[in-house]
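Given as C-alpha cells, the chain that follows is alone and in the form predicted on its own.
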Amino acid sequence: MSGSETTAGGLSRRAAYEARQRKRAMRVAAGSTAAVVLALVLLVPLAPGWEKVQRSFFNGEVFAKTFPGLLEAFLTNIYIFAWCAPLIAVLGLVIALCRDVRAPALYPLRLFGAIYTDVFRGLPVILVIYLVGFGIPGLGLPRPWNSPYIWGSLALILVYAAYVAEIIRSGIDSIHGSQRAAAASLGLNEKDTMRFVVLPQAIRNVAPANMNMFIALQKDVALLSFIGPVEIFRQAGVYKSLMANFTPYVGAALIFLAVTIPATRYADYLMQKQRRART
C-alpha cells in the first residue's frame, strides 16, 4: 500500500499518521505541563517562608484596594504609547529610507542614518531617558516644555525609532533586485519604485517583527516613572510605600500580562502565517 491510499475516514495514510502524532504530542505536552503546575502548587507552600511571601506579595485585601488605582494609572501608559507609536513608525521609516539612498549626492543622509542607528541602538533605554528627561528640562524651558511626559516620550521615540529603522531596512534589503529592475523597465523612477514596489512588500514582510518592538515599547513606558510621570509602575510604588506591601507590583504585572500576552500571541500568529506563505 502506498502513502497516498486513503483510510476509512477519507485521510491519506500519511495524513492520518501525522494527525495521530499531533494528538500524541498534545497529550504529552498537556501531561507534562499539568505535572509541573501540580508540583509547584504542592511544593512551593512547603517552603519555610511561604506564609511571609504570601502576605507580602499575594495579599487579597491589598490587591482589592489597589487594583482600581493601578488600572487608572495604566491609562497613562496607554496615552504615552498611543502618541509614541506612530511617531516611532514615521521616524523609523525616514531613517530607514535615509540608509537606503543610493545617489552619491545624498550620501550625507546615508551617513546620518548609520550614525543615528549606531548611537541609539548602542545606548540603554534608561540612560537616554535620564539624559533627555533631565537634561533638556534643565535648560530652564517654560511650562509646558519642561514636562517629563514630553521629553521622556522623546527619549523612547529616539531609541525605538533606531530599532524600527533597522527592521524596515532589513525588509527593504530582502526585496530582490529584480523588483527594482522590473520597475525601472516600466519607466518608474527611483522614488516611485521605492514607494509603489519596494516599500509595500518590505513593510508587509517586517510587520510581525515591528509588532514585537511595539510590545516591548508598551513595557518600557514604565521606565518613564524614573523621571516623574505617575504611570502604573510608579503608582504601584506609591501603594507599596503606603501599605508596606508588594502586592501592588503583582497587580501591575497582571495588567501588563493581560495586554502583552494576547499581543505576543498575535505577533506569533502573523509570523507563522508569513512562514507558511513562504513555504
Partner chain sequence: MSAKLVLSGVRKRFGDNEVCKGIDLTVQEGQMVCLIGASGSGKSTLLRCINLLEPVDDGTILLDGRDIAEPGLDPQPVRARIGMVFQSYNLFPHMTAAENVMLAPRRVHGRSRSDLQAPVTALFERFNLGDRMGHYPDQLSGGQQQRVAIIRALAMQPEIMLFDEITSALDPELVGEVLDVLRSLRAEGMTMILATHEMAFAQEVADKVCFLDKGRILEEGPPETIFGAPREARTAAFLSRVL
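Numbering follows the first chain given and starts at 1. Being a predicted model, the structure only gives us computed values, none of them experimental.
Keep in mind that the form predicted in complex with its partner chain is missing from the display, and what follows is about it.
*Asks:* Does residue 195 reach its partner chain in the predicted complex if we count a contact as any heavy atom within 4.5 Å?
*Replies:* Close contact exists here: in the predicted complex, residue 195 approaches its partner chain to within 4.5 Å, heavy atoms only.
*Asks:* Closest heavy atom of residue 143 to its partner chain in the predicted complex, within 4.5 Å or not?
*Replies:* Taking the distances in the predicted complex, the answer for residue 143 is no, it never comes within 4.5 Å of its partner chain.
*Asks:* Indicate whether residue 147 is a 4.5 Å heavy atom neighbour of its partner chain in the predicted complex.
*Replies:* Output for residue 147 is no: heavy atoms all beyond 4.5 Å of its partner chain.
*Asks:* Taking its partner chain as it sits in the predicted complex, is residue 186 near enough to touch it, meaning that at least one heavy atom pair lies within 4.5 angstroms?
*Replies:* Output for residue 186 is yes: heavy atoms within 4.5 Å of its partner chain.
*Asks:* Counting non-hydrogen atoms within 4.5 angstroms of its partner chain in the predicted complex, say which of 136, 182, 93, 119 makes the cut.
*Replies:* Here the answer is residue option 182.
*Asks:* Heavy atom within 4.5 Å of its partner chain in the predicted complex: which of 200, 86, 104, 124 fits that? Just give me the one.
*Replies:* Selected option: 200.
*Asks:* Work out which of the listed stretches, 160-168, 77-85, 105-113, 200-208, brings a heavy atom within 4.5 angstroms of its partner chain in the predicted complex.
*Replies:* Single hit among the candidates: 200-208.
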